[in-house]
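The structure tokens that follow cover one protein chain in two forms, given apart as structure 1 and structure 2.
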Structure 1
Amino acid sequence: MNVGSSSHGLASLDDVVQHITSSNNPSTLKAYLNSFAPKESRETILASTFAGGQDPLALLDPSRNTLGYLYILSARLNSPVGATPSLAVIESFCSNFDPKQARCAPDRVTLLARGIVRASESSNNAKYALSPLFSLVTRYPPHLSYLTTLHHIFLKLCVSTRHFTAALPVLSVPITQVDTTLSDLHYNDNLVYHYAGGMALAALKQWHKAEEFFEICVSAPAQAPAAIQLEAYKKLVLVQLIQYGEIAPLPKYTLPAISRMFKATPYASLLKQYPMQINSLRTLVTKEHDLFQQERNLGLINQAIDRAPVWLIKKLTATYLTLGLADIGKEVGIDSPEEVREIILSMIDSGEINASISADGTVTFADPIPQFTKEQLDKMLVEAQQTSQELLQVERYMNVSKEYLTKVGCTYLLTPLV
């Protein structure tokens, strides 16, 4: 399969490997790898084997020859002809590569990640891509707070294979850094990552974090609304209903068109009615059942509806000190006192309300007493200090940035003229 053989005067794979092993400067190597042959035949050469049928990867060491390994591996994974490398090879590369070298060729890393997913899908075992991708995502960026193109590939895979917990270590570090030299990002990478992250967190019932992820997606900087932002807004609203029983206002910088569009969907009418007595909410949902089903939000909607009595009861606690179970049932729209009792008990258990039920079915509500330990407070303080430190750094960075200085300089230069 030596297509790009030396008969055409082109470099063969042997030459390439020769180069890889002898080079110790990643950037010159990269330049060579990007130019050793015409564009169309380059990938084919990289995906081929030695003239003797040996596997070039066996000669290379993933941690020392990361860049070359990366080129060959990614070419092989994406080539329609070359033999797909075994899982063990991929895994050993992903867990052993040298991040510094890999960062020289972000496009190849993205290509590699895509290739891994495709290979796993074609072998009908998408799960096996999870572990190499995880190593890739965690090892490639200098810190997990950097957004990369790998993030959304990994997250999408987690969600579509329903391995939500696998994503948690990545999701637990909020993205605060964006570096386009590290990874050739597109705005969709950000949107999809946060959307899929929100879905994973919502599936794990980590509502608070899910809310944040959806919100980031909805409020991402935009000149025109993206469909995924509208979808994220729908999910955001549902998550907020489950969590608070009402929605929080979107950040001011959100594109107004998104909430305008949202108002035209059946979700807005659901929102208006919420929290109502369960039965009326159910009829509303049955009416729009097909749409909710099709948009795959039915699960969240049902959870939100199941939570409705909780919000109604919570409202009652603010107004009443004591109430009979039957009275509560009437307000909430549940007939059997037993069911009401169960809901209240679960609310007391989860600490949502502070109440007690006496033998004759009277519920006595008390104020929830917020408790804080010294450790909690200390932790808060440390976090606050960290945040302000970070902000200080950002400010300093800003102060030396070129745009800022030119702006300041400009006004300074212009004033004497005026």
Structure 2
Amino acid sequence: MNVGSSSHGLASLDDVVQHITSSNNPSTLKAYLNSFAPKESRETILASTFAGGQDPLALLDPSRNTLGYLYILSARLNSPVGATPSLAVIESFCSNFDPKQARCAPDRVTLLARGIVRASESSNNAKYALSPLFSLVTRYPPHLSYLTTLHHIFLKLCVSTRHFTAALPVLSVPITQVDTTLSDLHYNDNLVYHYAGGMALAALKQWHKAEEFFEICVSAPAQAPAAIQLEAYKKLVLVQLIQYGEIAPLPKYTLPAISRMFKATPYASLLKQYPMQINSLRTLVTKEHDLFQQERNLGLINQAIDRAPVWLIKKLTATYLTLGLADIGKEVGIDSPEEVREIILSMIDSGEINASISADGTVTFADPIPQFTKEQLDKMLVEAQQTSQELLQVERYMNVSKEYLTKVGCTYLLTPLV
């Protein structure tokens, strides 16, 4: 659409570009771009080209003219008419924009991210949005520890396109900061980010991190539970069964209603029976196969079932000092002694049990011997130091937060003296 000039009293695209290129004050430019025409007309003008068909973006520099470029690009990506900007144009902006200018218009940054996803899906090539979105989510905030609307948009795309490893650089940085002036955040953005993050980490079998992300989603404070929190709890339970063979208590501040809702689902029946012999578990799962598949939990359930013999064998180590392979097979529901041998050898190699197998197939169990390599100890020390630094930064942030100090002051004043 060509709207290069206007004779109807409205600002033209030429006027807009003139303001963008001549302005050196982002706040003043933002005010102009939000008011130069009524909203519907404004978005149409921003998404248009010059009367001669020239592209206004070709006259702008993504770094110097970030704010104006952002308005035009986001409008064009979300316009139902007109040509979609090329991937090269999108990637050039996301790789070169000035973060300080972009932070003046957080709503347009969100609009841009959604427009990039929309354009990629329309072209039946959703994965092409991964690279520009990664640049956005890593360059826009002052640090990746700040939660933004970009986080959950990027993570949802990583999961839907099954490019799970692309999310790891983002997921590796814990969220410790929330600034609503930096991003037009809503409560659900935090839930969706940690839920999608848990899915990506579970797909990569990073069980401990997946558990952490699902738990953050489940235990997020609220007046009433969100549907996504129940879905996260289902996945949290399955991840814990895979990792520990049992579930861990939820944080005390978790809404009790979530646990009550979970008890009314088939997952509670599976949890109650777990671990038991594989055939019995599979019979239980077959009854609810369609539901488990629809909720996309069948993969986790099957992995939990495959791990059931491991937990049954670990229970045997608490009762017996020696036991034959055939006897162990009867206890765990595996007919083949060789299959039992493979499972036990795998458990020995991974350090899950301390045992030996004699030539006649007798398994001798012993108490586990804790073993840590120097590399593991060094890694744990570094992680502890990093966590300590992160907690210190959070504490400093809280100590200068007006909202926090006001609430603490009110709580203190309302607390009766004993």
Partner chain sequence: MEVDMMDEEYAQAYTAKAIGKRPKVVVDDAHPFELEAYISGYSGRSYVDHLLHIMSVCPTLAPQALQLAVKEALKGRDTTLYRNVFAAYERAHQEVPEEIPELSAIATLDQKWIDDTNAKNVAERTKLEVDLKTYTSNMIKESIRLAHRDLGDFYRAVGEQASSLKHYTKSREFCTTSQHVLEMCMSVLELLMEQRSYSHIGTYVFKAEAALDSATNVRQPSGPQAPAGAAQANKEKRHAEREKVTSKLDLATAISHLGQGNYDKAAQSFLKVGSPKGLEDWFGKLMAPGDIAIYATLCALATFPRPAIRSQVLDNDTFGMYIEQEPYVRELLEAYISNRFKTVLEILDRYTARHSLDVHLYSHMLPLTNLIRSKALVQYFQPFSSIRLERMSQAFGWSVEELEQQVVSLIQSGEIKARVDRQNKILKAKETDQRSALFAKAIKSGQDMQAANRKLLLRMRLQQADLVVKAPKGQGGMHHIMTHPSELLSGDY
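C-alpha atoms forming the largest set that superposes within 1.5 Å between two forms make up the rigid core. One-based numbering along structure 1's sequence throughout. Quantities reported herein were computed from a predicted structural model and do not represent experimental measurements.
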Matching structure (the form predicted alone), either 1 or 2: 2
After core superposition, I'd like to know whether residue 384 moves between structures 1 and 2 (criterion: C-alpha shift of 2 angstroms or more). yes
